[in-house]
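The chain below stands alone and is given in structure tokens; this is the form predicted on its own.
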């Protein structure tokens, strides 16, 4: 008799955890198939360290085949789901189309860049959601410093040495904080003219940095940023982006060749094509992560509107912390639907947050307890090592080398600008701003 087949779409925090937990829960009584465009799980919280030369890119990419040996991996991008026929259509990396039949389906497609209707953003800004963007930014920033050192035009030098980050959430704050350290290390090896130095601006429409986190974390991050020389401008937005700079809503024009877009994320529009009820752009599920009227279909992570058991009437936030635990919960409930174990309602409270600000600086409040420096830095890096499902020794080795040796300031030229467009989702959907406070990029 053939085994039941469970198909999981997406290998982000929710999908990866679901696959790993499910292989133990079903005990070889079901085939687990993982459909994902890449053969790795990306540990997003450490991506800023790839962009700033601390970690090599393979350190934050965990092999799916090595760490999920009992899962059948299929490389491909899901094109659609036929809920009645119980089939998933996909396209593999070489353009070939395929169909996967399933007995149970787990939708863990995650999120995409959130765009706003700001002229020029899609053409002149770059997002920060994957390894290609991090590698491009690393090369681009290095190139701007090198070109500035050889440019005879003072205005061009200042523009090349000016870096604008839009969005003071988790990702934007880390990129600005660590980016300033990176460019400071670069100029130590470059002969920049006197009076020219790297300038980083962090912009956000909110009244403070890290607006979605505890105010004490926000104050700590703000203090570190300003002491480091980052210009923090709250209650400020971009009115227009151009190839030679950005115009702010105050009317000020900032000349720059670097615009980094970190305003948050929105659920992957893939789930909207299912034709099922949606809430705030996310697929409606019950407390057991089941899609209503389809007991064989489950959803978790950023694309699922999971009820928050601790705050009735609210949805769980779009954070890696919740997605990771939803993946485990959905695995147990899929197994229960196959007669293995009992169903579980999803319930999880915040465990606190950590923000790595580069060097030995960090802001952390595990279990709601704010930590002082340098304990916050130790806890932050310890947390990441514990949370990563692989590559821990290699990450720790890179941290040690970064503490002992200068960073290598070279361009690899692996990723061109056109290969990392900001608009990674349908333009019609991605440019529709969601309700304030719904999008987040915090782990």
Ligand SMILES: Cc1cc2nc3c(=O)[nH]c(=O)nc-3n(C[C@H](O)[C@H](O)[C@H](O)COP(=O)(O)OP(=O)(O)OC[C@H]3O[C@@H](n4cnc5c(N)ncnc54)[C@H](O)[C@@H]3O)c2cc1C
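Numbering follows the first chain given and starts at 1. Predicted, not measured: the structure shown is a model, and the values here were computed from it.
Below, we refer to the form predicted together with this ligand, which is not included among the displayed structures.
> Specify the contacting stretch among 328-336, 154-162, 363-371, 102-110, defined as having any heavy atom within 4.5 Å of this ligand in the model of the complex.
One stretch meets the cut-off, namely 102-110.
> Can you work out whether residue 11 and this ligand are in contact in the model of the complex, taking contact to mean some heavy atom pair no more than 4.5 Å apart?
Residue 11: contacts this ligand in the model of the complex.
> Mark residue 53 yes when one of its heavy atoms lies within 4.5 Å of a heavy atom of this ligand in the model of the complex, and no otherwise.
Close contact is absent here: in the model of the complex, residue 53 is far from this ligand, nothing within 4.5 Å, heavy atoms only.
> With the partner left out here, check for me: in the model of the complex, does some heavy atom of residue 319 sit within 4.5 Å of this ligand?
Taking the distances in the model of the complex, the answer for residue 319 is yes, it comes within 4.5 Å of this ligand.
> Since only the chain is shown here, I'm wondering whether residue 169 would be in contact with this ligand in the model of the complex (any heavy atom pair within 4.5 Å).
Flag for residue 169 set to no.
> Only one of 323, 306, 260, 263 has a non-hydrogen atom within 4.5 angstroms of this ligand in the model of the complex; which is it?
It is 323.
> Of 129, 180, 138, 124, which one comes within 4.5 Å of this ligand in the model of the complex, counting heavy atoms only?
Only one listed residue qualifies here, and that residue is 129.
> With this ligand taken in the model of the complex, which residues across 75-98 come within 4.5 angstroms through any non-hydrogen atom?
Going through 75-98 in order - heavy atoms within 4.5 Å of this ligand in the model of the complex - the hits are 76, 77, 78.
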